[in-house]
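As structure tokens, one chain now follows by itself in the form predicted on its own.
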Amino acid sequence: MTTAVQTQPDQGLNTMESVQAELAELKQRVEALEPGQQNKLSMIVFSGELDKLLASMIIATGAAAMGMKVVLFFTFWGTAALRKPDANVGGKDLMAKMFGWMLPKGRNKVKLSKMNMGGMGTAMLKGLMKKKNAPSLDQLFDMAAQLGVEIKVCEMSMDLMGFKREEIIDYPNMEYVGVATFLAHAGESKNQLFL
């Protein structure tokens, strides 16, 4: 009878160790299937309009100030906001020149998406922002750079619109990438936005 009592606790330990080993293996399998999401915001900046760019940069700087890693993917019309206002780049074909003439040259030339009224609405909003001490796009881009917000510029959009790297602003955390790079960032982010 004494031997039966001694073997039962050993069997219980073996069973418990076996269950723990199985749980650890299952946990590893789940982690391999679903990579952990980081405290990160990945945002597509598609629009080249003042109000939407302001919203993008306010969200980005707010998230970065809260300790999140922030990646902005500028594509299509959003890329125009990244142009240097005084850059004159040669060697462009007719279509690239036309896009250059039609699209705003830099973030300070973008207009409102609604109620622009021939530029009057944009001027009114900028005046109101100044009066209320709200940060301008220039200030938001500066803050974003200081907070480590990364800007990824869509190479395909630049190519389609005929933009060259020499006419894009200087920004410390900027990289020219394809959509696969953005999707990799988005896949590991807790938050993804499209503006």
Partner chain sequence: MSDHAVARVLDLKGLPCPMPVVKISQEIGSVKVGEVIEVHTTDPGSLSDFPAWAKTTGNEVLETDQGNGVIRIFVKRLK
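Being a predicted model, the structure only gives us computed values, none of them experimental. Residue numbers count along the first chain shown, from 1.
As for the form predicted together with its partner chain, it is not shown, yet the points below apply to it.
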Item checked: Contact residue in the predicted bound form, from A65, L128, M156, L26 (heavy atom within 4.5 Å of its partner chain) -> A65
Notebook entry, point to check: Tell me, which of L160, L137, I169, L147 has a heavy atom within 4.5 angstroms of its partner chain in the predicted bound form?
Noted result: L147
Next item on the list: Would you check, heavy atoms only and a 4.5 Å threshold, whether T61 touches its partner chain in the predicted bound form?
Entry: yes
